[in-house]
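Just the one chain here, the form predicted alone, laid out as structure tokens.
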């Protein structure tokens, strides 16, 4: 019976230039789904304990989703899985674009790559055949030009998809990622460095295999219903980008909250994409400012009006959608008049990039954000980690821990666009002082000294996403307690209020109108249950290939559990799927424990937790009892109070 998945993995050994197929049993899929779940199942059992993340024994997996290609919508995501060189534990990164469907069309649910090539190589995979191709002519080339050349070289072989690294990955930057679709990134966990350590420049995929599901008629019906809702989800015509700060201010001053309709989120994503939060999050404290130590007092309206999302979409010449997406949050922008950018078009900067190189650095030069975004996309570096790292460098400079002699003449002051761009260029190339900062904040503190740790914003070695946990404490739990720390796409209080999980999962706490915001700052059983529910459902989502923004539209609209059953024929309940999510999360955590990661070492540092609290701005007086909150989370994940799971339970 067709069940959506392909039933096997492709295993490639670069050292031996060999490949083989490995069949996966139905029981494994039902226990771990595909995507990240299947990835952690395979890597936990096949990466030797203590493996050097940059060594040939580490494995790098490109994983598709269980529902990708079945006719379901919003299920085109793929994941990269590996042992992270950034954190020393479990690493994964999630991405959109069009690679996921080609993994499955080649006949696989994942491509697992081990070993190390003696010279630069790329893989051409057509159905069940792997060709090891010389990539010497690509080595040193930026990610966008590399992908374009790879697709041109293989254009006679039909419709293809490719994933590549840029110079940052080649230079083994621990904050480098993997690109597809000319700038869509699996950016986190240092996955680009692992790919570079294997001398693997890219993979090119061309498949013709069919993907079949158990009940395609039901899948089509569910998709049709959701597509119709998205078509009808529209903001009132008078809503403009200039109004978003007012909306942000109003949400920031509210003392209570209730369940939210995710179609409002979807409508904003259709109009602006992620940059809707550029200015909405400044007045309510969601956007971190001045290396997480500032507020709207430092980045006031005269600054943040420059990053009004309307000013960005004024350059947008076409919308961009990932495979099977019906929202279309991405965009391609006209940059003909920006001389510093190679070419006439570039991807629209995402919110994370805008904030990491805008408010976080007190930079209000919008044109520079287009330049920086293009640099990151071509260089292959994670914008979140890079922005946090430069903010750290500036604060070290401002406080006299480093000087012009140390920086090679760069004056690293807040908002100094010229120096920010030069430092970023040096980080990508691992040249000059950039070599010190190319591996992120934690490594840089080791070079600068112990005094710099006060300015080092990272969680377990990974820099946090551009959303402040002092505004959303449940987000802080996920920053600290997830096996890949610092990730903003695991869960949060706002996401929980949108998902409406309580309508489907028996143990998920119900959100009612008039819920007290102050209660979210307590280490309560309810908060522990909510964070556990977020963690479990996110693993189900990633195992399915589902998009985070589909989840954020609400499961009352995007019917994930019905989709899964129509795809597989398993007839599982939402509670059973949540148990699957917990199983995946527990194995990710067990990987960390095996590799010597102490979960409690990943607690938020003092500044990130509001200890002491800020004295002004919307987060004034806000602090998070993160240690106690982590213990509540561990309790409802079924782990002990130190975060150690029993994977046999």
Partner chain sequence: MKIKVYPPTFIKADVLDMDNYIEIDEGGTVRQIYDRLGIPVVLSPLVYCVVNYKKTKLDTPLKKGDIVSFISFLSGG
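Numbering follows the first chain given and starts at 1. As the structure is a computational prediction, the values presented were derived from the model and not from experiment.
Omitted here: the form predicted in complex with the partner chain. The next part is about that form.
Peer 1: Each of 199, 441 and 445 having a non-hydrogen atom within 4.5 Å of the partner chain in the predicted bound form: is that the case here?
Peer 2: No: none of 199, 441 and 445 comes within 4.5 Å of the partner chain in the predicted bound form.
Peer 1: Please identify, from 236-244, 216-224, 534-542, 189-197, the stretch that has a heavy atom within 4.5 Å of the partner chain in the predicted bound form.
Peer 2: Result of the contact check: 236-244.
Peer 1: Even though the partner isn't displayed, in the predicted bound form is residue 286 close enough to the partner chain, meaning a heavy atom within 4.5 Å?
Peer 2: Flag for residue 286 set to yes.
Peer 1: Does any heavy atom of residue 260 come within 4.5 Å of a heavy atom of the partner chain in the predicted bound form?
Peer 2: Residue-level check for residue 260: yes, a contact with the partner chain.
Peer 1: Does the 4.5 Å heavy atom contact test between residue 185 and the partner chain in the predicted bound form come out positive?
Peer 2: So residue 185 does not count as contacting the partner chain.
Peer 1: At the 4.5 Å heavy atom threshold, is residue 352 in contact with the partner chain in the predicted bound form?
Peer 2: Yes, residue 352 lies within 4.5 Å of the partner chain in the predicted bound form.
Peer 1: Which listed residue (479, 392, 495, 299) meets the criterion of a heavy atom within 4.5 Å of the partner chain in the predicted bound form?
Peer 2: Here the answer is residue option 495.
Peer 1: Among 430, 315, 229, 559, which has any heavy atom within 4.5 Å of the partner chain in the predicted bound form?
Peer 2: Contact with the partner chain in the predicted bound form is made by 229 alone.
Peer 1: If you apply a 4.5 angstroms heavy atom cut-off, which residues in 251-268 are near the partner chain in the predicted bound form?
Peer 2: Contacts from 251-268: 251, 254, 259, 260, 261, 263, 264, 265, 267, 268.
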